[in-house]
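This document starts with one chain, in the form predicted alone, laid out as C-alpha cells.
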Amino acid sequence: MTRVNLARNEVLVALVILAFCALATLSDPGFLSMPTLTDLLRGGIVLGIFAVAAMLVLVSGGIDVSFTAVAAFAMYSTTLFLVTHAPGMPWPLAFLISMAIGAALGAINGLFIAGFGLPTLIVTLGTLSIFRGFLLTFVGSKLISNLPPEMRAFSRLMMLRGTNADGSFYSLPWAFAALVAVVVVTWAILHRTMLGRSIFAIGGSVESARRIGVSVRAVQFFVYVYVGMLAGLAGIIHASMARVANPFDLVGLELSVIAAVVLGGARLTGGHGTLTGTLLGVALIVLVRNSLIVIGIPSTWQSVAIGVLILVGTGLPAWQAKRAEARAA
C-alpha cells in the first residue's frame, strides 16, 4: 500500500483543502455545488496567473514583489489608451499591448537584477513604488468605468453557464482558459527546454550554474521579462472581468500570492517549485478568502488564517526533514 508522504507540501495542502471543504459542507450542505465551484475557479484566475509568475521567480532564486504594480500600470495605461485613441480595437490586440507594457516594465527589473547584479527584493521593492507612483502621478488616478466595447465583450464570453435545480445561476468565463494556457506554457518552458533547466540550475546555485556554462544574466533577464508579461495579462483580465479599470486595484495582493506559492512547496532559497503545488496553494488561498464565513469564522480573520497556513505549511515539512536527518545521523 502506497504511503502518503506528509513531508510534501502538495500533499499537506491537498489534505487541508479536503478538510476545509468537509467543514464547509457540514456548515452549509449547498457548499459543494456548481455555483461555488465556478465562483472559486473564477476567483483563482488572476491570483493563479500571478502565482505562476511568482513561482518562476522563486525557482530562479529571486523574489519579485513588484508584479502587482506592473499589472496595475499595464492594465490602466492600456485601458486609458483604448478609451482615448482606439475604442474599437479588438480585445486580443488590447491584451497584447498590456502584455508588452508589462514585459517592458519587467525588463527594467531584469536590467537592474541581471545587468547590475542588485538584490532582487531591493530592486522590486523600489520599482513597486516607482511604477505605482508614476502611474498615479503621470498616467491617471481616476476610475475608468466606461470600458471599450471589446473589453466588455471579452468579459461576457462564457465557456460554461447554467442554472441549478434550486434556481441559482453559475458561469465560468473564457478568461479561465488564459490561466490554463499560462500553466501549460510555463510547464513547457520549465520541463521541456534547456532554458527551464537553466532556471532551476541558477536557483540551486548561481556559481555552479555559471561553471556549467549557463548564461545567468540572460536567464535572469528572461525570467523578469516573462513575469512582467504575465502580470500585464493578469491586469487586463482583471479589468475586463471587473468591468472597471481602477489604478488602486491589485497592489497589496503580493502577500496572498507569495503565500500561495510558498504553501505549494516553492522554496524561498530557490531551485525548487512545482506548478501542481502552486495551483493547490492558490486553491487554498481562494477557499480561505471566499469561504471562511461559511464555516463560521469572521472574514476579518482572513489574514490570520493565511499567516497560520504559511507557518504550518512551511514549518511542518522543515520539522519533519530535521527529524529525518536526526534519525539518519
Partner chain sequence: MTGRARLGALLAGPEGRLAVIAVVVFAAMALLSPDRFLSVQNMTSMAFQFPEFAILALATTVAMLTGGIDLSVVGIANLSAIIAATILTQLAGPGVEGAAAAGWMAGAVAASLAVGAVAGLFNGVLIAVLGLPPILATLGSGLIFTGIAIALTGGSAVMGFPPVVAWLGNGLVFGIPVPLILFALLAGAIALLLARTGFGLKIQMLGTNPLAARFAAMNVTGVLIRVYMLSGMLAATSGLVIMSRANSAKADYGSSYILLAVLIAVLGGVNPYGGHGRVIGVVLAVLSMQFLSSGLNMLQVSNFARELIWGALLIFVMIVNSQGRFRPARGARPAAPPTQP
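Since this is a predicted model, take the numbers as computed values, not measurements. Residue numbers count along the first chain shown, from 1.
The following text describes the form predicted together with the partner chain, which does not appear among the structures shown.
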With the partner omitted here, the residue among 222, 95, 200, 112 that in the model of the complex has a heavy atom within 4.5 Å of the partner chain is 112
If we test each of 133, 213, 88, 167 for a heavy atom within 4.5 Å of the partner chain in the model of the complex, the one that passes is 133
Per contact check vs the partner chain in the model of the complex (non-hydrogen atom within 4.5 angstroms), the hit among 178-186, 80-88, 225-233, 117-125 is 117-125
*asked:* Counting only non-hydrogen atoms and a 4.5 Å threshold, tell me whether 35, 154 and 290 all contact the partner chain in the model of the complex.
replied: no
**Asked** Is there a non-hydrogen atom of residue 62 within 4.5 angstroms of a non-hydrogen atom of the partner chain in the model of the complex?
**Response** yes
Review point. Looking in the model of the complex, any heavy atom of residue 322 within 4.5 Å of the partner chain?
Key: yes
| said: Quick check on residue 193: any heavy atom within 4.5 Å of the partner chain in the model of the complex? | reply: no
- Task: Using a 4.5 Å heavy atom cut-off, state whether residue 145 contacts the partner chain in the model of the complex.
- Result: no
